[in-house]
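Consider the single chain below, provided in structure tokens and representing the form predicted alone.
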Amino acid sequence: MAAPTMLLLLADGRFPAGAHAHSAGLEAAVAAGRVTDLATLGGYLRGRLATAGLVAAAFAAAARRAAWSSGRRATLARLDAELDARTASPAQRAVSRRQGRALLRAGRQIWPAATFDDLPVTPGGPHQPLTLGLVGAAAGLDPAQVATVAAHATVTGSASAAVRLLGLDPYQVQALLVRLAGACDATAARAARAAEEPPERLPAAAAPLADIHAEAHATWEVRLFAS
């Protein structure tokens, strides 16, 4: 098991992978009037955990499991294809790959001895959860810890964006995250168990409204966040 500090460093929003530039769909949800206060933000974050959070955490944990296995290149390619199939919105697919490129760049700089060459070579870059799995391996994290990092990022990014978008009290937002800690841990544990299955059987929880919001957000000429 990796030292706790390494896990904290990867989960830190200040890790130089560009996550601060994304609201994970919250900006569009706020514009649509679906998130207006602390209560509706809580519902939004719970929904994120149950859908995108579970999927991202499972794929990140599965990539971590593949990192030190024989035939990992083929497994990572299957994971990439399966995650693509689970991401219905072209805008969200592009964001995932853009974030994957940014995380890969950080991983190569921070762990120069690690090998990331088995990640699928695609025009947009590797999906972010797959890159997280290999970065987690380089950091010495196990699959359950990688799943925790992924689930944690699902809620903290949007929560941070909510402070800027809605002017919410940051103390109250942090208290909301504390109340969601149990759900976050449970999602990560479920994802880590699911990651033991073949790529084709990994979670496929969907959020169609989030897909619609992502496509609308991508057309905006003026926006505070990239997604």
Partner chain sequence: MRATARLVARADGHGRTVLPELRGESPLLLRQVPAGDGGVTVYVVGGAAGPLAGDELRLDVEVGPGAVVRVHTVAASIALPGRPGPVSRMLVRATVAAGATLRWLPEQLVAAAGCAHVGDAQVDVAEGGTLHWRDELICGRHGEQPGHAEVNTWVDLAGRPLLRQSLTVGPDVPGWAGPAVLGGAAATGSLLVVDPARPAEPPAVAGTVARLPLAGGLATLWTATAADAHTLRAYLEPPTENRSWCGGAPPEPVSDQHSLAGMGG
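If you're wondering where the values come from, they're calculated on a predicted model, not measured in any experiment. Residue numbers count along the first chain shown, from 1.
Separately, the form predicted together with its partner chain exists; it is not shown, and the next lines address it.
Val163 falls outside the set of residues with a heavy atom inside 4.5 Å of its partner chain in the predicted complex. Contact between Ala189 and its partner chain in the predicted complex is not found at the 4.5 Å heavy atom cutoff. Using a 4.5 angstroms limit between non-hydrogen atoms, Ala81 touches its partner chain in the predicted complex. At least one heavy atom of Ser89 is located within 4.5 Å of its partner chain in the predicted complex. Using a 4.5 Å cut-off to its partner chain in the predicted complex, not one of Asp12, Gly107 and His152 places a heavy atom inside that distance. Of all the residues from 204-224, those having a non-hydrogen atom no more than 4.5 Å from its partner chain in the predicted complex are Ala204, Ala205, Ala206, Ala207, Pro208, Leu209, Ala210, Asp211, Ile212, His213, Glu215, Ala216, Trp220.
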